[in-house]
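This document opens with one chain alone, in structure tokens, the form predicted alone.
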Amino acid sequence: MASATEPPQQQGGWLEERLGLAAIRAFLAHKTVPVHAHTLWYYFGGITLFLFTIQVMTGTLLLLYYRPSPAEAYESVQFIVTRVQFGWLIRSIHSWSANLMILSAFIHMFSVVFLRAFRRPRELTWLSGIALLGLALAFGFSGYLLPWNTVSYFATKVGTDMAAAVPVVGHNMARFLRGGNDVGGATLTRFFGFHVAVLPGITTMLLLAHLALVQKHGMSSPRWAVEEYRRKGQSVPQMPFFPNFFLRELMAWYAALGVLGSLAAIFPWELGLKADPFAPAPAGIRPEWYFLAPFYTLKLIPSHVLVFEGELVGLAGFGLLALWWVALPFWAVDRKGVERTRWVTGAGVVLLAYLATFSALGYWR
């Protein structure tokens, strides 16, 4: 117990000496966020992180009852939603938050594109963000099989068949994903390991790196906002991150939680029928919405394009498109360092329109 005569700076200095709280307070006091007409879009990165946290918490609760084997997976999920108190709600929140997280990540990505937040020196921030989006999609793909119901089983067969169609490495890639020649018990165990151990570990490390890069370079201001204030002889206004922006971010999280809770309670996630590997695939089988655009595109491609198989042409096209999009910060400026504004905006609009249109077509047809 501190003495009454002990100097004030020594009282309560135990935590300060060990945690360095003064440095954290100083960092929060100096960190700022640009204020302009498009500040709203800054919140989607935090919303994505918030929904990922919801995923971790609800997934941990589901792990207490889930059993990753073909004989018990479906029954264990059925037990969760019918016998465990509020188990149906936890599972529904987990499933809906996964979809909302991916939607929020896509919105965040396109906001970065249209606000030009990928510009130098933020190229690594863009690359790490794209990698995190890819990991979110991998979470969705691996977690989709875990209930071991009919839809998830055959959707996984379709997805791994697409991987098998990749030239040269496709066969080995499909065997790696399936744990064998076909989707079965080894696939379920492997996807469970990916979903609860491998992907969370990689995501955590990459997320810390992404956040560190955001802290290092700060939040980017759109060039038109900078020029608008420059014409007035001013700089872009800034708000303190803490408490101003932080409290606004909390309100965004609260709104996201309200949407998530409403969807989970009003539209509980259905379990469906248990998978039967010997049954024929049900009519109209399709993947989750975030894979619908490429899925429907492949359905439209003819079986043969010139001398090549249509599916191979489609997969090659998607691969080139992905590489082109990942390299956006590097082709968005010419050799003289001038930004290709119209090219970037046009590319973002075209890709967004393609994803929205073909996802809708894939859902309704």
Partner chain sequence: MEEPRRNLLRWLLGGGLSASLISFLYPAFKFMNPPDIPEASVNEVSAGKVQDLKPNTGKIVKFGSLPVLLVRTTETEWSAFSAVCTHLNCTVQYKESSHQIWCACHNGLYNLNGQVVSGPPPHPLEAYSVHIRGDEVVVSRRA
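Numbering follows the first chain given and starts at 1. Fair warning: this is a prediction, and the values are worked out from it, not measured in the lab.
Keep in mind the form predicted in complex with the partner chain is missing from the figure; the text below concerns it.
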Check: Since exactly one of I285, L137, M239, I202 fits, which has a heavy atom within 4.5 Å of the partner chain in the model of the complex?
Finding: I285
Note to self: Please tell me which of R175, R223, K274, R119 lies within 4.5 Å of the partner chain in the model of the complex, judged by heavy atoms.
What the structure shows: R175
Margin query: Is it the case in the model of the complex that A281, L298 and E309 each bring at least one heavy atom within 4.5 Å of the partner chain?
Written below: yes
Note to self: in the model of the complex, is there a heavy atom of the partner chain that lies within 4.5 Å of any heavy atom of L257, even though the partner is absent here?
What the structure shows: no
Note to self: With the partner left out here, check for me: in the model of the complex, does some heavy atom of M162 sit within 4.5 Å of the partner chain?
What the structure shows: yes
Margin query: I'd like to know if F154 sits close to the partner chain in the model of the complex, meaning any non-hydrogen atom pair within 4.5 angstroms.
Written below: yes
Margin query: Taking the partner chain as it sits in the model of the complex, is G218 in contact with it (heavy atom to heavy atom, 4.5 Å or less)?
Written below: no
Notebook entry, point to check: For the chain seen here without its partner, which of 240-248, 205-213, 266-274, 176-184 has a heavy atom within 4.5 Å of the partner chain in the model of the complex?
Noted result: 176-184
